[in-house]
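Next comes just one chain, in structure tokens: the form predicted alone.
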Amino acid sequence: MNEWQAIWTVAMKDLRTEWRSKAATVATVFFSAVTLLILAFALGRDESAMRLAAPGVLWVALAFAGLISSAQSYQHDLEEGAFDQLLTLPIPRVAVFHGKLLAHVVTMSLLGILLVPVTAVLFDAPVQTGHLSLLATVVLGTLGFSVISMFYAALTANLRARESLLPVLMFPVVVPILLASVRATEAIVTTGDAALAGDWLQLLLGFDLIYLVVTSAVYHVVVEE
């Protein structure tokens, strides 16, 4: 098969595995819901403060949910020996990375789309306009986050302290993605400034491309170590 077929096959394998087990899905949805509820109660009844905090809270919930999901993605394969079998296939190593990345982006984007209306209701931050811009922010933000989280999940997959090392290594690198995502969401939800949101989206797209190129270039070194 060619590289595109390999990417699609790996992605569908991950999605089917998750559909059957639902382990990561249940954990991420539950964790995201708890995070939103706790922060909603913590901010109290100050409607203006809650509205201003909504974009940041949304991306905090998505970031920690994505951390759980990316770690689980490699753990399933390692426990069943499937990852070693993937590496023996006559396909580029980067195709495995891109396939797993595609599955993770789809999962996290769907979670983000689900959390947007929930956050809007809990934090009294209804989205009046800019629905397409908000959708683009969710997709681009989850893409950038997934690139870094899936790369470092592969890097730490065989280590004993992977649960503690993964967030320590990943979050300092992913900070620009989260900041740009929060600012773009804030510009859409709280101020309605389409021009400002567009600027942040362009910056977000730039970070996504840089991270994707760099991680794709060195991924084969990581999995062969």
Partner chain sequence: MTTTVQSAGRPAWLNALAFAAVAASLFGAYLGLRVSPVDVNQGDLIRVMYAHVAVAWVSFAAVAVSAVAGIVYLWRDRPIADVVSVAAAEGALLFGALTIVGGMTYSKPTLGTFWTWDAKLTLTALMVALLVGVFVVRGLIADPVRRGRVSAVIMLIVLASLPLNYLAAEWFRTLHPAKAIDLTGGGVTIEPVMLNILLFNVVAAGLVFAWLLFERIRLGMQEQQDGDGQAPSAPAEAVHV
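No experiment lies behind these values; they were computed from the predicted model shown. Residue numbers count along the first chain shown, from 1.
What follows is about the form predicted together with the partner chain, which we do not show.
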item	value
Triplet Pro176, Tyr211 and Thr215 all within 4.5 Å of the partner chain in the predicted bound form via a heavy atom	yes
is_contact(Arg160, the partner chain) in the predicted bound form, heavy atom dist at most 4.5 Å	yes
4.5 angstroms heavy atom contact with the partner chain in the predicted bound form for Glu47	no
Exercise: Arg51 in contact with the partner chain in the predicted bound form, heavy atom 4.5 Å	no
Partner proximity in the predicted bound form: Ala27 to the partner chain, non-hydrogen atom cutoff 4.5 Å	no
The partner chain: the contacting residue among Leu155, Val139, Leu111, Ala71 in the predicted bound form [heavy atom, 4.5 Å]	Leu155
Interface stretch in the predicted bound form with the partner chain - options 100-108, 115-123, 130-138, 147-155, non-hydrogen atom within 4.5 Å	147-155
In the predicted bound form, residues of 197-222 near the partner chain [heavy atom within 4.5 Å]	Asp199, Trp200, Leu203, Phe207, Ile210, Tyr211, Val214, Thr215, Val218, Val221, Val222
